[in-house]
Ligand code: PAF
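Just one chain is shown here, as C-alpha cells, and it is the form predicted on its own.
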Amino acid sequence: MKIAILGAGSMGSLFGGFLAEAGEEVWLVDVWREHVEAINNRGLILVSQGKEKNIKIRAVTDPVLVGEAELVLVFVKSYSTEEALRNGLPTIGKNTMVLTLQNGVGNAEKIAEIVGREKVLAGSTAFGANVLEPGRISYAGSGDTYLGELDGKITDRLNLIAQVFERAGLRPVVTDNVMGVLWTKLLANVGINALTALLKVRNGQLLEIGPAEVLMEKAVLEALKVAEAKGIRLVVSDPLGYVKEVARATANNISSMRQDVERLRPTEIDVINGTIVREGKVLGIPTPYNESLMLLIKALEKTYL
C-alpha cells in the first residue's frame, strides 16, 4: 500500500518505520528539513533498548513529490491540522483514505471539513516514541492501535488498514466506538501530559510523586464527569486505573507535551485539558484542576520569548 504520513515527528516516524519495514511504500512528509535530509542521507534510525536499527524510507518536505496515496496518516500537532491537510492535498485523491491518530479530540472533524467526511477515519494508539535528533528516534513502548469509522460501521477499508497494520506489528484493533476510544485516550493525556511537562518528569514518575498523583486523579475525575455528561461510552471499565496503567506502561516515555515545552514549541494543551474546560463550561460542570493545568501550560508557553 502507498502510504503518506503527514507529520514525521516521533510518532509519524515510528509508524512510518514500522510500515516501511513491513514492505509498504511509505513517504514521510514534514516541514523539518534537517530531519528529512538526515533520513534521506542515512535512513531512519530507530533506537530501542539500547540497540539501533536503520530503516530505509522516503522523506520529503514537498508533498507534491509523493503524488496520490492510498492511505494518508495524519500525525501533525492538532494546531497544525488544517495547514498540514491543505498543504498535503496533492497526496489525497478520489479514493484516498485519511486516518488521524493525533492526540485530543476534534481533529477528525477538522480534516473532514477539508477533504470530505467520507474519506476520514480516526483512531488512537498507545505506542510511544521520542525524537533524539534529526533522523533518529527512540521507541518508548507499545500498545493497541484502535481504528474506526466516524459512523461506527465496520467496513472493508477499515479491515484493510487493520491488515496492513497487523503485518507491521502495530497491534490494530477495529472498533465500532471510535469516539469512546478517543475520549478514553483523552483521559490519559489529561492526566499525564501537562503534569509531566510542568514537573519535567517521565510518565511513570507521576505515580512516584504523591502530590502529582493526586493532581492526576483530580484532573481525570473532572474529565470523566464531562465524558459521562456527554454520553460518551468509554472503552475501559476503570478509567482512573486505566490512566495509571498507561503511565506505568510508558514509564520511561517523555510525553509529547514535555518534549514540546523543552523545545520551546506550542503545546496541544487546547485539545487536551482545554477540551475538558470548554466542554465543562457548556455542560455546567466545574473543571478547576484542568483549568489550572491549562493556564499553567499557557503561562509557561509565554515564557519562551
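The model shown is predicted, which means the values in this text are computed figures rather than measured ones. Residues carry their position along the shown sequence, with the first being 1.
Quick note: we don't show the form predicted together with the ligand, though the next part is all about it.
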property: Option touching the ligand, based on a heavy atom within 4.5 Å in the model of the complex, out of 100, 81, 91, 193; result: 193
property: Residue among 44, 59, 276, 246 with a heavy atom within 4.5 Å of the ligand in the model of the complex; result: 246
property: Location of the ligand contact in the model of the complex, chosen stretch of 24 to 32, 45 to 53, 64 to 72, 251 to 259 [non-hydrogen atom, 4.5 Å]; result: 251 to 259
property: Touches the ligand in the model of the complex: residue 185 (any heavy atom, 4.5 Å); result: yes
